[in-house]
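Only one chain is included here, represented as structure tokens and corresponding to the form predicted on its own.
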């Protein structure tokens, strides 16, 4: 199998090169340093600069189709909040969000064993009703969330005992991919009530939220790139987190993208060089 065939790169070599570019970072668990963007640092600061032990609502509104981008982001939020000893109230407007909440509670249980259920975190599970849920949460929290996912009254849990409306919380973190999701949280909670809010969304959805920054929305993480930069920001400020393999999942997923994109750029350059060299020789236009 020759590299050049009739003045062109044999496409089988291109396939092999792409396979190596994408496969090797996965097999070798390669990561590359990221430089967090200003938008990502604004999200980091919104969580990091809160007084230790602040109460935060974590909304998980996505399904398995978007998990590749959003699960590392959600886990990074949970680890960052755990490092700051923030109190977490988990909630999902999507039924598919409920299992994701449970998987992130496992992270809390394993990596932050000092966290106690009911005192440091509460799982409210899936709340059906879309935007109606948000309209009730801002007026009467316990009317909407009278019990947690296991049926325990929220009036008996220390974390939610005195909670009458979610405006009493310090921050809303929305990780979402569609409707209902971040846009609805902004429209029904953050904008009308001045609730501080940050978000993490898919790369496709992120640009539609930029118009809300910085008045209704502090900032937003976009796609796996945003997740990787956020992980890097956490590691930069808390170096011990870099020793945790689970805290580098977004960075690992950026490896195949980086090498794959570099290969594409290189092939474009090589293709143009071959084209013009052949044109000069009069082989064809």
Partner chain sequence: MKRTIPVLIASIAGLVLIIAHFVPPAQSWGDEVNTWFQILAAFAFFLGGGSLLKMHLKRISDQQEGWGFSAVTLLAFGITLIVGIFKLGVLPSETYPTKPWSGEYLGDGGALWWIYQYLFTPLNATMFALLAFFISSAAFRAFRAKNTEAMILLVTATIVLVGRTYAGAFLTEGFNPHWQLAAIIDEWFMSVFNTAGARAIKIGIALGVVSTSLKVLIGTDRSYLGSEE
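Predicted, not measured: the structure shown is a model, and the values here were computed from it. Residue numbers count along the first chain shown, from 1. Rigid core here is just the name for the largest C-alpha set that superposes within 1.5 Å across the two forms.
The same protein also has a form predicted in complex with its partner chain, omitted here; what follows describes it.
Comment: 207-215 is the region of 168-176, 72-80, 207-215, 107-115 lying near its partner chain in the predicted bound form, near meaning a non-hydrogen atom within 4.5 Å.
In the predicted bound form, its partner chain sits within 4.5 Å of a heavy atom belonging to residue 33. Using a 4.5 angstroms limit between non-hydrogen atoms, residue 63 touches its partner chain in the predicted bound form. Interface membership of residue 164, defined by any non-hydrogen atom within 4.5 Å of its partner chain in the predicted bound form, is ruled out. At least one heavy atom of residue 39 is located within 4.5 Å of its partner chain in the predicted bound form. Of the residues in 230-245, none comes within 4.5 Å of its partner chain in the predicted bound form through any heavy atom.
With the core held fixed, residue 46 shows a CA shift below 2 Å between the shown form and the other one. Relative to the superposed rigid core, residue 246 undergoes a CA displacement smaller than 2 Å between the shown form and the other one.
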